[in-house]
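Two separate entries follow, structure 1 and structure 2, each one form of the same protein chain as structure tokens.
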Structure 1
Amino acid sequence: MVEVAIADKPGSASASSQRQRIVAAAIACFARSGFHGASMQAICAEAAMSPGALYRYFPSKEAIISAIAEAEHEAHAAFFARMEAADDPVEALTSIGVEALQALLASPTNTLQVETMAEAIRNPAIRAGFQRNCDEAAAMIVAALRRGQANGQVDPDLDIEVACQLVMALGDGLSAHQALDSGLSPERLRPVLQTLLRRFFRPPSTS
């Protein structure tokens, strides 16, 4: 193990870099061994950092998981901005949304999505951070699709809140199947998902 000497002030650029390094190591460990199977010692080894150095930034695994939720929240900001700027929310979902899902499924750490859901069910403290992310994502998608209904781009008879939950559940389900090695590549899934979303959301005359 390579010990990393740390003498960073809180909030410094170097401290932020070290936190990102620990989070990246934890994500790799959680994806490989699960939240409960990955020990703090394993995370230290993955980060090439001594326990004393790591604990200076994160006192527990729960604190690291909360940081992962916060990083996910920040990553969503770019997706939200693109959705807000899109003229057609259906095409935005079939391009931006499917692109994001494709990247997730192709990632070697895609099993983390399943681990996160399982842990959030058991642990209210963990659930809070990830539930906030889900709620914000749902609110943004619902708002965009309602704009689409007003513009005649989305089926006016759809219950948009229910439709949004179904689409988000589809993404979660695909992550779970990918973790079980479904044999379907993201490249094969992409055109089928795009067709499904267009047919689901478009008014009947334009689907």
Structure 2
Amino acid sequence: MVEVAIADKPGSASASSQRQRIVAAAIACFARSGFHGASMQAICAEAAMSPGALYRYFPSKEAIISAIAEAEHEAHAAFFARMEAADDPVEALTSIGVEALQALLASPTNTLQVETMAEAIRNPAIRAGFQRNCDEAAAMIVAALRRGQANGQVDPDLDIEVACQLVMALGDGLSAHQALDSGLSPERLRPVLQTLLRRFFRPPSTS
């Protein structure tokens, strides 16, 4: 599924491409059965690889989980980095939210979001990654909203930090609900989400 572009070592199959093969297989298995429900044997089968070979590239199951969480972190970061360049933070939040949800719909990682959160509650390594993720995203969103306040695009009386937490919680909640069922199509969601964000963040009409 995921192919590597650059060669790593002149060996038959580069080490990093083997790792990526394992990660892709693990994502498929974890999405199917959860972190604890998927066995290493199943991951080995999915990757067409023996346990001995797999353990040459990852020291433990947890290391694979961490690698996946790290990859998710980078994907998230890419989304939120767009907040930095946005002219209008409110419209940017809407677009990013809808697009992230659309991307999730077409990805095998959609169920892993909830899985990762559940794992983060108990696994300190995952938890640390999750919080770092949250903190980085929050920093970008808060900064963008503060800029918006300075530009008159965002209500200056809002408690921006709490508002940011609310918006991030909304995003995670939406991704969870969407992984579960929710015949909620992005097309139908978009205008309502846009209304919510605009009314929430825009300065009360004094015109």
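C-alpha atoms forming the largest set that superposes within 1.5 Å between two forms make up the rigid core. It should be emphasised that the depicted structure is a prediction, and the values quoted were computed from it without experimental measurement. Residue 1 is the first residue of structure 1, and the numbers go on in sequence order from there.
S.K.: May I ask which of the two structures is the form predicted in complex with the DNA?
M.R.: Form predicted in complex with the DNA: structure 2.
S.K.: Aligned on the rigid core, do the two forms place the Cα of residue 77 2 Å or more apart, comparing between structure 1 and structure 2?
M.R.: It does, since the residue 77 C-alpha is displaced 2 Å or more between structure 1 and structure 2 after the core fit.
S.K.: Please state whether residue 49 has a C-alpha shift of 2 Å or more between structure 1 and structure 2, with the rigid core used for the fit.
M.R.: Comparing the forms between structure 1 and structure 2, which are aligned on their rigid core, residue 49 does shift its C-alpha by 2 Å or more.
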